[in-house]
Ligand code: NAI
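So this first bit is one chain, no partners, the form predicted alone, shown in structure tokens.
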Amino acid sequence: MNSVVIQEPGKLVIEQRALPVPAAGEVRVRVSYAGICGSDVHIYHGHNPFAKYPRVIGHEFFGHIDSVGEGVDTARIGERVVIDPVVSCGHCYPCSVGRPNVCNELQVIGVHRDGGFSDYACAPAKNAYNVPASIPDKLASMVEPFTIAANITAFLKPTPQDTALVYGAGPMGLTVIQVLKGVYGVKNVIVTDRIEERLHMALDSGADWTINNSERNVAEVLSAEGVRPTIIVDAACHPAILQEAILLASPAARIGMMGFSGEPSTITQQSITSKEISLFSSRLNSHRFPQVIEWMEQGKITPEKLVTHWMPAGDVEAALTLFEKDQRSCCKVLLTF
């Protein structure tokens, strides 16, 4: 089989490998589609602190179960499935309170262990979720990106009367916008980004209005409009955003952080506690796949609005470059296997 392997930072090869054999409790998936994420680019460039090399990347993938390991019902062979990349121990404190995404022994498929940019991939059977017929093959791998939005919004508990501000109209921000509007019915969703084409994507995904913060000061615009956001989501993940978000937020607001920058953010206790602002961080997802599959079935989210390119897996290097460099016309790239 062919596998996309990052041998070391900056060195990508398509390698011929033997078919993997599913271990006890695992399934093997014949991969059909896999999505490119920013974290895949980070692993390629050596900027992901968690990745181990060499590594088959890819944590957003869909396919059909074609083999099962010991202890897995053979009736599962042939199932259409998406794979939750979060592999947890099941017995540490985070796991015991329903937070396997921050398990003490966390392994992420495509980061700590080989992923889905391959003709075949193995995963724990419990991580393979059945995809209903109403979700087409070519969009099924989009379940995983929306679980990221499902996770942060579960903390923020949006309501229709909220006013939300989303920093960043990249793939992560766009999934958050769709969930805020389509699932929670938030009445007013404002989005800020520096790329005009991305702001058009935000409007297409349900944003009510946008601010190009390369041209206009977000604080000044909101002040002129008399707006104090009650929910703020940082999907741009720049360390300078947090303090600005705290200052812009309404009293009793909730702020969601999704970034992994190692740079310090300068914040003051007074600006947080004086308004009793709640800060939430979110990593990966905690058992959100069934919820997102249901949302897709019900038409509450529209992943097709995010997918701009389908490319053959053999063109993965060009696809990664397109995803990274062309942020005006490219949003989500799905590889076909």
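Note that this is a predicted model, so its numbers are computed, not measured. Numbering starts at 1 and runs along the sequence shown.
Same protein, other form: the form predicted together with the named molecule, not shown, and the subject of what follows.
- The pocket of the shown chain is open, since the named molecule, superimposed from its pose in the predicted complex, puts no atom within 2.4 angstroms of any backbone or C-beta atom.
- Of the candidate stretches 135 to 143, 103 to 111, 185 to 193, 90 to 98, only 185 to 193 has residues with heavy atoms within 4.5 Å of the named molecule in the predicted complex.
- Using a 4.5 Å cut-off to the named molecule in the predicted complex, not one of 205, 298 and 336 places a heavy atom inside that distance.
- None of 282, 67, 286, 32 but one reaches within 4.5 angstroms of the named molecule in the predicted complex through a heavy atom, and that residue is 282.
- This chain is displayed alone, yet in the predicted complex one of 237, 154, 221, 248 has a heavy atom within 4.5 Å of the named molecule; that residue is 237.
- Residue 164 falls outside the set of residues with a heavy atom inside 4.5 Å of the named molecule in the predicted complex.
- Remark: residue 158 does not count among the residues lining the named molecule in the predicted complex, judged by a heavy atom distance of 4.5 Å or less.
- Though the partner is left out of this view, residue 327 does reach within 4.5 Å of the named molecule in the predicted complex, counting heavy atoms only.
- The named molecule is not drawn, but in the predicted complex it has a heavy atom within 4.5 Å of residue 198.
- Along 253 to 277, a non-hydrogen atom within 4.5 Å of the named molecule in the predicted complex is carried by 258, 260, in order along the sequence.
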